[in-house]
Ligand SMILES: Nc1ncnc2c1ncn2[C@@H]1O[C@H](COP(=O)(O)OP(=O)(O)O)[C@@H](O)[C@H]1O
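The chain below stands alone, shown as structure tokens; this is the form predicted on its own.
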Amino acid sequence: MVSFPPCKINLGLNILSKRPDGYHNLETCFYPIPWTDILEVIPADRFAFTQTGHPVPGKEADNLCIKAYELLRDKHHLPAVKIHLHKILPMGAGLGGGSSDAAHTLRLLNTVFHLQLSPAQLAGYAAQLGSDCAFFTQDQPMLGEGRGEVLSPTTVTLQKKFIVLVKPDIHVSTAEAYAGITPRQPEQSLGTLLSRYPVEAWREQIKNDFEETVFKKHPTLQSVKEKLYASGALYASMSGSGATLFGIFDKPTNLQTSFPDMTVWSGGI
């Protein structure tokens, strides 16, 4: 069985407080974007994992797809499978590609082996694999709190909008992004702002707290954001901790030539 794990963008990201476990409490809005990897899971006589497309750094045993299988294998006594991942989404991009692959591995295993796990159970397993993995067990925008694993529905929609993603050849580590952050409590919650203001007003209202620190270290990213606005974006922001920037447009916009040395994806929602 094959699935197409999508990426996400963050509509706003506020770092609220430092947690005793070393993580941070945050609030954000995860929004799924139909730029995808390709993932296949099939029953097999013995376990195998293969991967094509963009190389994934690190040890194969640390791949989140394998960890997702091992988690359900141990909990539900699953037989062996063959997993093949074709990696299209860039890594270290703030798009959650690895988390999406992990969540969709859980979803495929749930279907292939008729485990009948509920959405809440899938989200619980996914949260054990990574902070934003739980979001990818569903196919709709969600407000994220806690480490990003505490999810609630939102009425925010980008239907009929056009998205442009721009990924420079820059890697921003999560540790680097958090290094200059001073947690703060905003006057109004992100959910309130997103529901109260139209997309056209988000520029003045919706922030990503990582931008201030990351833009100082990587001014190219700020330049990309400014160029997205100059090209007509209603709203532009960095996704997650970077290094992808996105712009929301009212109509199809081709910016491939505007960012010749960068990875660019565009499409409707």
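Start at 1 with the first residue shown and count on from there. For clarity, every value in this text was computed on a predicted model and none was experimentally measured.
The form predicted in complex with the ligand exists for this protein as well; it is not shown, and the discussion that follows is about that form.
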So which of P168, G144, G98, P141 gets a non-hydrogen atom within 4.5 Å of the ligand in the predicted complex? G98
Give me the residue from V164, L117, L194, A93 that has a heavy atom within 4.5 Å of the ligand in the predicted complex. A93
For K87, is any heavy atom within 4.5 Å of the ligand in the predicted complex, or not? yes
Consider T174 of the chain shown here, and say whether it contacts the ligand in the predicted complex, taking contact as heavy atoms within 4.5 Å. yes
N63 versus the ligand, in the predicted complex: is there a non-hydrogen atom within 4.5 Å? yes
Does the ligand get within 4.5 angstroms of any non-hydrogen atom of G232 in the predicted complex? no
Tell me which stretch of 152 to 160, 98 to 106, 70 to 78, 185 to 193 has a heavy atom within 4.5 angstroms of the ligand in the predicted complex. 98 to 106
